[in-house]
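Coming up is one lone chain in structure tokens, specifically the form predicted alone.
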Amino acid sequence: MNVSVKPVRTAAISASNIDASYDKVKILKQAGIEIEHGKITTLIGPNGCGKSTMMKVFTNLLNYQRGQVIINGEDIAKFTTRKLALELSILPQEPITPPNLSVKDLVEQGCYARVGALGMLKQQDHDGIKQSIHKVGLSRYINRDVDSLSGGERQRAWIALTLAQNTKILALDEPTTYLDIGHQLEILELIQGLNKKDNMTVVMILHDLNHAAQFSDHIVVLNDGKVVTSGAPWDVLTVDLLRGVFGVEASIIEDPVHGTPFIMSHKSILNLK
């Protein structure tokens, strides 16, 4: 009898037993996560818990002292800068835009991540730049200075840069920072659309737990440099977790529109001194 066996699919990103430090202060302590292909995974946790450190580790922006990071089945320790740029696009927290740079010029930088600063862009690269700008809804602003755009428009321009890099994995460190609620939702809906329409694998860091619940397939909770738990929003976001990790007394109901967990916080139980 022939039995068909489904092939085991490797994770987009797998980090295991990671120890990482800043100035000899250990931030991550044997931490590990897995980012599944084609899903939106969000890292959450209190300030200083290690979210950004973990993202810097698996995007090769920070050396780690122990552990292993695998991207698409390959050890990141063996990656060149160009090899990583072919696998993963990164949008850091609070990116700084050089002055007098148009949207087109900014997005073009995403191509140089792949071909190098001295590389010649091909017609397909120029087409990709226009397509990336179109995907984020900035075609009419293609020649506008980035500095003249609103906060939400600037963030969309930066996301277009990552799209021009033409990878299947997108890493976003707090993409909604300093944006008002309307622009936050605009950016998160854009990210969700890229995931669903283009099958982009997305890993991002968010502080707003309700946004994490609404826009994520998978949530990873970090605290004190370790992964506390991970899973689907309904499995992860519990009253006990909010109390133990975030120091908040809260109730959780079902969002009547999206069917996702909706957190109603009542009071802080942090003992701040």
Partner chain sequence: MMSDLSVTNDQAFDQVVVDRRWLKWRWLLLALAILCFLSLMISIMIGYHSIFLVPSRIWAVVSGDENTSKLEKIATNFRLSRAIMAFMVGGALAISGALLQALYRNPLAEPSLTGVTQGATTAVVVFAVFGPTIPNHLVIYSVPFIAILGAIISTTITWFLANRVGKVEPLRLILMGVLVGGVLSSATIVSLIWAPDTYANDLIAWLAGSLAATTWEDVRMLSIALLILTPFVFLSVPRANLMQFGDDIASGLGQSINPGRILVLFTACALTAVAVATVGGIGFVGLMVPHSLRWFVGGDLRRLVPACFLLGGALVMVTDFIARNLSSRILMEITGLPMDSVTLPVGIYLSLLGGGFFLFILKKVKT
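Residue numbers count along the first chain shown, from 1. These numbers come from a predicted model, not from an experiment.
The following text describes the form predicted together with the partner chain, which does not appear among the structures shown.
- Though the partner is left out of this view, residue 77 does not reach within 4.5 Å of the partner chain in the model of the complex, counting heavy atoms only.
- At least one heavy atom of residue 161 is located within 4.5 Å of the partner chain in the model of the complex.
- For residue 155, no non-hydrogen atom is located within 4.5 Å of the partner chain in the model of the complex, even though that partner is not displayed.
- In the model of the complex, the partner chain sits beyond 4.5 Å of every heavy atom of residue 201.
- Picking from 42 to 50, 55 to 63, 210 to 218, 27 to 35 the stretch near the partner chain in the model of the complex, with a 4.5 Å limit on heavy atoms, gives 55 to 63.
- Across the proposed site, 237, 251 and 267 without exception lack any heavy atom within 4.5 Å of the partner chain in the model of the complex.
- The partner is not shown here, but in the model of the complex the stretch 67 to 84 reaches within 4.5 angstroms of the partner chain through a heavy atom at 81, 82.
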